[in-house]
Structure formats: C-alpha cells, structure tokens
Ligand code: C2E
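Read the single chain below, which is given as structure tokens and is the form predicted on its own.
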C-alpha cells in the first residue's frame, strides 16, 4: 500500500466517543421535540378546559334564565286569563276557551319547572326553585276556588280569593324568580370574570412557555453547535483538531499576517507499534489519546495541533517556543490504564520541522514537515530534523526510482546475487542469502539505492516475491542439472504480514517449482516481531508445518529479542554484525555477553549465524563461542549466479 506524504487522515471504524456525540444530539433533539409538543398540549388542554367550563356554565345559566322567564311569563298570562274568566260570567264558550288556554299554560309551567329542577338540583339555586315551585303549586290549588265561585256567579268571593290568597302566592313566586334571576346574573358575571382571568393566565403562561422554549432552543442550538464542531472539526479518537480544522486556522493566520511567526512540526511516537504489540490495541489508542492531550496542554493560545492519521500529528508552534517544545517531546511521561493496572510510560517522539514562509500553503508546510520526519527514520539520524531543499530533491529522486523500479520489475532487470554462508568448523559452504541487484543500463545498482524507496512506498512486496521465485527457479535448474544446492534464505519485508494470503503465496511458488522445503529459508527482520506479532507467529508456524525454515534477521537490534526467542518457533537466528564489528577492541563483558547470547540460542535448539564477518579475529572469536555459521566478506561477497554456481560445485574454502 502506498503511503501518503501529507494529510493521511484516517476515519477508522466508528468510535465510541463519536457515537456518544451522535447519541447526545439525538437526545437533545428528542427533548426539544417533547418539550415543544408537551407545552403545546398543555396550552391546548388548558385553553380547552377554560373554554369548556365557561361554555358549560353560560349555557346552563342561560337555560335556567330561559326556564325562569317562561315560568314568570306563563304565570303572568295565566293570572290575566283568570281575570278574563271572572269577567266573562255570561259567556260560557269564552270560559271554555280560557280554560283550555290556562291548561296549556299550566303544562308549559310544569315542563319548565321540571327542567329547572333538573338543572339546579344540588346547586345554590335549588332553594329558590323550591320556593317558586311551592308558590306555584299553592297558586294552582286555589285557582280551583276561583273557577268554582266564578261558575256559580259569585264573582265577589272569586275576587276575594284572587286578591287575598292567590296574589300572595304569585308575589312569592315573582320574588323568588327575581332573586334567582339576580343570583344567576351575578354568577354569570363571576364566570365571565373567571374566564377573563384564566384567559389572561393562559396568555401569560403561553408567553412564559414561549420564552422558556426559546431559551431551551437557544441552549440546544449552542450545545448542538459544539457537538457538531466536535464531529466536523475534531479527530474522532484523540479529540484534537483534524486536518480540515487546521486548514481553516491556517487560513486565518495567513489573513492576519501571522503565518511567518510559526514553525510547522510533524511529530509521531517513536516505535509506536511496539506499544500496540506489547500492550494491545486499546491501550495503544489510549497512548495516542494521552499523547495528543499532553501536547495540546503544552501548547499556548494561538498554537495548533491536529492529527494527521495514525500516530502522526501536525503542530503549528511559535518560533521562539520550538526549543521548549523539542525538550518537552524528548522525554514525555504519560499514564495509561492497562489490563495489569495503571502503567507509567515514557514516550519519545520523532519530529520534522519547517520554518514557515509567507508564500507557503498549509499543504506545502505539511509536505515539508513530513519529508523532514521521514529523514529521522534513517540510520543514525537524530530524532528532530529540520527541512532543507535536499529532502525535496531526494523525494523527487525516490519517485523517479519508484517509477523505474516498477518498469524494471516488468522487464526483469533485477538479478539475484547469492552471498554464501559458511560453516567455520569445517570451512564449508552451508547456505546462502539471496540478495537483489538492479542491472540498470548495464550498471549494477546496489539495494541501498532502491530497496528503502520500495519499502517506504509499499512496493517491496512485489520485489520480494520476484526474488523468491527466481531463487526457486535457480534451485530447480540446479537440481535438474545434478548440482546439489544449499539452503537459500530469501528476505521478506514485514509489510507482507499485513497480507493474510502471505503464506499461501509462498507455498504456491514452492509447489509450482516442486522445491524440496529443506532448500528454502524465509528471512524476516526482528522488527517484524513488534509490528504484528500474531501474524508473524501464524506465518512461522505455517512454514514450519510445511518444513520450510524461517529465520530472524538483525537479531539484537530491537526491543523484544528475548521474547521472540521464547515465543517464536523460528529455526535460525542471525546475529546482527554490531555484536562483533569491534570485537578486537571489545572488553571482557562484551565478549561474555555475545558468548551467552550464542549459548542461549543453541540451548533453545536454534541455529545461530553471525553476519558481517570481515576478518579472522572475528571468525576465531565466533568459533570459540560455538557460533558455527558465519556470513561476510571474509569468505565471500554477494556473488552473481554463475560465480555462486561454481561455489556450489566447490563448496570447501581453501581447498
């Protein structure tokens, strides 16, 4: 996979923090909706209740007034008809008509009184109803006497009843009617006033609710705005700014003429994969979070930090603060929670720095910082490197090499050299390492000029399989020609461990050329052990099941040498040349250390071989500590195919 020089922001899988932010937005939105709906329902219900109560009260009182008026009018007319009845003594037909009319009026009065009774029962109006009813009934009882004496022609007695008995009942009814009417009118006024007060209360409640809802909505908008800012402008894992937010900030700095006050810094955690391997991915994420938070806490107002993917961060720091920043990053201590409990870690950083110029864009600044950061990974380079123009030139050159290398692979310009491995107990060829050279326009180009480029850009995997297939092809050719080969080790980059089909691809080539597994060895660098240890273990075990040797190169240069020997079932351990390169001047302690390392590897039933042997002093020392296999210029440099084939035919050195 090709690496990106700048940006490289990786969203990754959905993050719990991001999920929590989305959940908060949903919760706040739901609360706003519920509050709005609840308020509207409350106001609607309150208004409806007030209106219904008022309407029912008014309707009921209007009905009562209607019944009372009907009783009063009907009784008044009834009384008038009685007087007509008395004055129409000689007119029998007229009296019959009056009797019919009074009967119908009595029916109307009875009906109205019955309805009034139903309406006022168990209310404050009920006593007035009873007074009206009893007065009417008394009046009605004595009407019979009036009719009787009128029919006998005794108008004087009939008039007496009308003036003395019946008039008092009518006055009683009228007085009760008047009092009841007054009371109903007062109650209707009171209901209207209550209605007015409730309407005012509802209006004030509505205003208050609208104010509260507006305030809550404003708070919700501010809160959601902050959450949105976190989603859009913050890195999901570390919660520092992302590249897009840094772009906005840099635009403002340029606009205000402060761009040149800053230095761009690209930094990452030195050997971060070691933390992932040793502590686990979750703890590795926590290391990133604490690392970013620690840097963010160090920065002052106006200075910026943004995550640029993986463990890479981009900083914008004021020029005068750079020495202080580098000192801070040199030796940072953070605490993380691990399965074994809280653990304090010391973090070392690599930094690429670039002095920003007025005409630079953020992308140019980041590119320059990343180029400088890449130089910190070179052997012997310091952890803090300032950008210079030569880095850009080297980048262009690397790009050109990359393009040419891909073409060279297609046109098979790469050739395999073999560097012999020698058993120094008998000075005999015992194996070889396959090394690649580039036959470029008739000149042989060493791997140092193209392998690092292919490694960095991710294309080394194609070259590794190219070399391995050529090794299998050569072994098959030697076997068919009756030349006995030795075990050949082929180097494979740690990048292969990302490919789940790595082992299957190796085995497919072996089957295609029908190579006996005893002639093959897969060589991986020790750094692979902490890049992806599980994948490494799985690959080594799969090779072991098919009888293919595996070896660890550059042993002793990494962090986890002893754990590798314990947990990884490799067949061969290759000591780095640093163990013996100054052995002639080494003290006794160093010699003892090398001796014990060799003894330990032998005791673990692994083969041990030392590379970089260039003189007899080194070879003799290795012989005394029981390291039987060596590789180096003392015996042979990497040999082209034909020369190595000759060595296969004559495997004894000095013979």
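As the structure is a prediction and not an experimental result, all values here were calculated from the model. Residue numbers count along the first chain shown, from 1.
The same protein has a further form, the form predicted together with the ligand, not shown here; the description that follows concerns it.
Proximity to the ligand in the model of the complex, defined as a heavy atom within 4.5 Å, singles out one entry of 290, 487, 437, 321, which is 437.
When the ligand is considered in the model of the complex, only one residue from 474, 110, 554, 457 comes within 4.5 Å through any heavy atom, namely 554. The chain is drawn here without the ligand; in the model of the complex, the stretch among 589-597, 608-616, 64-72, 621-629 whose residues come within 4.5 Å of it by any heavy atom is 608-616.
By the criterion of a heavy atom within 4.5 Å, residue 129 is excluded from the residues contacting the ligand in the model of the complex. At the 4.5 Å threshold, heavy atoms of residue 523 reach the ligand in the model of the complex. For the chain shown alone, residue 423 is not a contact residue for the ligand in the model of the complex, no non-hydrogen atom being within 4.5 angstroms. Of the heavy atoms in residue 447, some are within 4.5 Å of the ligand in the model of the complex. In the model of the complex, the ligand lies within 4.5 angstroms of at least one heavy atom of each of the following residues of 455-483: 460, 464, 467, in sequence order.
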